[in-house]
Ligand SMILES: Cc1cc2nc3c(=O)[nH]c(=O)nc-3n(C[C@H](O)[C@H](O)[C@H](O)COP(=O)(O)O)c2cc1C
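Form predicted on its own, single chain, as structure tokens, below.
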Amino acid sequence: MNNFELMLAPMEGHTNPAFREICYEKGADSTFTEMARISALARGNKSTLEKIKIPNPIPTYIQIVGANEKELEKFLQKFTPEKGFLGFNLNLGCPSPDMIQRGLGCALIKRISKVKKMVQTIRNHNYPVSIKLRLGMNAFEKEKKTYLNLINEVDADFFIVHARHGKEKNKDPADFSVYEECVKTNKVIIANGDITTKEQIASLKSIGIKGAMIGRAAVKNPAIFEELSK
């Protein structure tokens, strides 16, 4: 990882190989695939396997979602990394009701022992593993600092902290005030949510954040990576 890494966020319907390549050419240090369900990968579902392909050697993390380590193991036994593959990213941020009902996405933030098992399963295959999480499933979990418990307890390569809880929408402002306490865990923290200016980047750097993940702003303007790195 660079001194301060600019990452393209995983976004369904957007972060296909062509868009990842555009953003990489426009200054993104690394990119993320669309979210892929572990259960579908384990079954060998063709359209899901297509999501995680890296046809061009663009620095890419594969984002996966699920909570069954046996399915994860089944998939990993067949997985062959392509050139450009940087590691796996576990989705603990998706706030969709369907995901939460299944105990996935941001419902996993409080299931620390389960997350540890998923991380260890990936580590057993010697692949890097990171986590993308929200501040909890709701305001109560945020207040109880569920996200901080997970960051402290889980041994991942880095943590991408989307500074909203699961009930908040994109129109709700991201809460940048949480980042200082995240950095104090001595884990590698990447900021995510409403990051659009060089002033924000400078502020994040000053408190020890190691990178920023850009999503919606990159869809509107892929050159934002170049603009933020100048």
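Please read these numbers as outputs of a predicted model, since none were measured by experiment. In case it trips you up, residue 1 is the first one in the sequence shown, and so on.
From this point on, the text means the form predicted together with this ligand, which you will not see here.
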Please run the contact check for His165 against this ligand in the predicted bound form: heavy atoms, 4.5 angstroms, yes or no?
-> no
Indicate whether Thr48 is a 4.5 Å heavy atom neighbour of this ligand in the predicted bound form.
-> no
Find out whether any non-hydrogen atom of Met35 is located within 4.5 angstroms of this ligand in the predicted bound form, and reply yes or no.
-> yes
Report whether the minimum heavy atom distance between Cys23 and this ligand in the predicted bound form is within 4.5 Å.
-> no
Among 54-62, 23-31, 39-47, 189-197, which stretch sits within 4.5 Å of this ligand in the predicted bound form, heavy atoms only?
-> 189-197
Report whether all of Ala9, Glu12 and Ile214 sit within 4.5 Å of this ligand in the predicted bound form, measuring from non-hydrogen atoms.
-> yes
Answer key, this ligand contact in the predicted bound form at 4.5 Å (heavy atoms) among Thr121, Thr146, Asn91, Ser130: the residue is Asn91
